[in-house]
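So here's one chain in two forms, each on its own in structure tokens, numbered structure 1 and structure 2.
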Structure 1
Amino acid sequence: MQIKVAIVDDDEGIRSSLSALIKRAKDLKLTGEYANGERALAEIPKNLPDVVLMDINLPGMKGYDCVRQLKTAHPAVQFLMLTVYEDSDSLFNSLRAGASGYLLKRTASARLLEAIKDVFEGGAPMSPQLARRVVQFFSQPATDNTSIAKLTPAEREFLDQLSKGYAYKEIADRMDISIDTVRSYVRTVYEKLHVHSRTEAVVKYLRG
């Protein structure tokens, strides 16, 4: 049985390279390639793949926002993020959105083909450096509950939205508040939890 694969990447050269790689693999079948998240949202449901290779830094909609919408509607589809970014926020936003794997674009072709099969079979392929980062975050000591207790109900709701991977503008819309209020929550939450990044805040909140 062939594994059906779709590609979402705004770089035409990378799309062509990935497309050629998949077409050469006897046990893979390319179902489509898309240059942005909006196109992927419209077309992927018409011919559902088993695995989607998703870029993060797409024009307009971020790759993990596209993953979140597609994964909600089509939970059986597996998503493998391909990115040049090694930062923790991109990694955790992607995993929270429903991605099963996260590899850097410089990953060797043989490893990428192996990762597609791995994610199809229920695995979670990730580079050793990124896997170590995940382990480090979730092996941190549990948060002192007094830090969480200092948060107001609105700040807790903000953190809950943040933990689900929503962007600041989306949180403003969902909470019916201004973007300035969201930025104010960012400052006060970071201060109360003694953190310096979105990912640290979310991890402390989830562990608290």
Structure 2
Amino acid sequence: MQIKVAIVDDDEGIRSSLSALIKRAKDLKLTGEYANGERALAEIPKNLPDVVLMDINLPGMKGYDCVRQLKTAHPAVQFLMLTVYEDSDSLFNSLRAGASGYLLKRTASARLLEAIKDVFEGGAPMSPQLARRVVQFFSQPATDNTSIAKLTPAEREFLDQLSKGYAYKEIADRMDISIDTVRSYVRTVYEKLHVHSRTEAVVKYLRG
């Protein structure tokens, strides 16, 4: 089965080289190419592709705004952003909008074809520099300041379970300890965090 692909890019040259690339690939099928977001919004619903190659820097609406609207109406369609820019804002705006992949335009043709298959199969292809930026988003600024750092491994594990909403009995089962040991952890953890209720502990844990 062929993967249906659509292209949204205002640059005629890029559009034609992309469409040529897709037409050459026997397991891909081009369903349409659009020069701007407005056209894409109007035309794509009439002939739904599996994957959309979307330029970020379109005249008029931004590529990610176009993605946001299309993705809401057609959640099954996958969006692969193509851009010359490496800036974080475009990246995170696109991800928030529902894009699944993000490649720089200088990506090699072979890699691009691979990426189209990746997104279609549920992956999230991304240029290495951009992937690292996403990963760094999560890494907290090495400040191990909080009182949570003073917890023992078992206590931290317990606190994590607490934050999931499990009852003491369930936590006991999951950690394979008795409910009285759970109660014991409640005491030591609350004391170390200076709290007196589950909610306070969980908030402190989730917020640092």
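Structure 1 provides the reference sequence; residues are numbered from 1 along it. What you see is a predicted model; the values in this text were computed from it and never measured. Throughout, rigid core stands for the largest set of C-alpha atoms superposing within 1.5 Å between the two forms.
As summarised for this chain, the second structure is the form predicted together with the DNA, and the first is not. Relative to the superposed core, V189 shifts its CA atom by 2 Å or more between structures 1 and 2. Superposing the two forms on their core, we find that the Cα atom of I177 is displaced by 54.8 Å between structures 1 and 2.
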